[in-house]
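Given as structure tokens, the chain that follows is alone and in the form predicted alone.
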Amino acid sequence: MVDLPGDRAVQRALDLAKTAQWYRRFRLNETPGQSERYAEWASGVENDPEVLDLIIGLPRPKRQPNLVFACARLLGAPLAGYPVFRRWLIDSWPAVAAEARVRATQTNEPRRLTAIMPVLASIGPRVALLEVGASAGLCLYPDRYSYDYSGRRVDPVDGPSSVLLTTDSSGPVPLPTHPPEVVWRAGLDLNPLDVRNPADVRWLETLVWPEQAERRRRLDAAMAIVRRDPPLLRGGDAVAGLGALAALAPVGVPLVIVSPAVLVYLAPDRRAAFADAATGLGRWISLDGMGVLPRVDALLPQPPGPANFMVSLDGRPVARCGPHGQTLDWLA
């Protein structure tokens, strides 16, 4: 089939429109209350044909607002208003684009465990834990952190942790006395990060949005815990590498596979293949936005708001939550 110039023009127009919509959704759904700077940058980009034209030169998964902004900051972009940022971005675009092509967001937010820990506890007091899209593995330590669910506190068996994960919770959240014990922990990621590597630490810290000082402190405290007892981290594909890593889990305790906010990066057919593989190997906890897992969405009594993610166990929804665990609404 011949690729005609008119076809390329139509495709370019579609790419520009879709990318502008992506930055608009990011601004409206993810930045409120989180980052005024990123909200301003996203607003600028969505209405800037010249910058959008640069961004659509990247492979589609690499056009993500958080990735583009983080790569720019890693390379020294000024934390200034959009006109200043725009000039810097256009001048520095070749370097930003090269960085974006080899990077992934890998947001390693332990606060997401506020949504995952109660589900883990419902499975058993002792579990083997395997996380897909593990980044540096900070979400593999639910038993080492403390939690606060709108005033209801849950601490590790050996006492309060230096990491306190808070969430604004509602509904009948089934809280245990203590987090379940994790007897084996392992992570799978295309590019695992090591909290003992200064370059990896710098990237993790850059992924924290500009105004999120509390999140930065939480990240640093969690990395200190992980450094004392690093997890098993393997590089590999979410579907192809899952079985081999799961085979290393000890027998006699439930194997729980968690996929927090990672399946959106897989093609729809790969998501379905992953869901089938995960439920065939053990119990499966996922945290996803609407549209990522249609089979889960179809079981909801009502759809969540645009700022909500769904927590599911073995493909059945159990709660709504914020994308970084900042809210939790347990389903009755």
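Sequential numbering from 1, following the sequence displayed. Because the structure is predicted, anything quoted here is derived from the model rather than measured.
What comes next is about the form predicted in complex with a small molecule, which does not appear here.
- Only one segment in the set 90 to 98, 134 to 142, 245 to 253, 158 to 166 has any non-hydrogen atom within 4.5 angstroms of the small molecule in the model of the complex, and it is 134 to 142.
- Only one of the listed residues (I257, V173, A72, A261) places a non-hydrogen atom within 4.5 angstroms of the small molecule in the model of the complex, and that residue is A261.
- With the partner removed from view, the residue among L233, V119, V127, A238 that has a non-hydrogen atom within 4.5 Å of the small molecule in the model of the complex turns out to be A238.
- Looking at the small molecule in the model of the complex, residues A115, D288 and T327 place no heavy atom within 4.5 Å of it.
- The small molecule in the model of the complex comes within 4.5 Å of a heavy atom belonging to L190.
- Contact check for L266: a heavy atom falls within 4.5 Å of the small molecule in the model of the complex.
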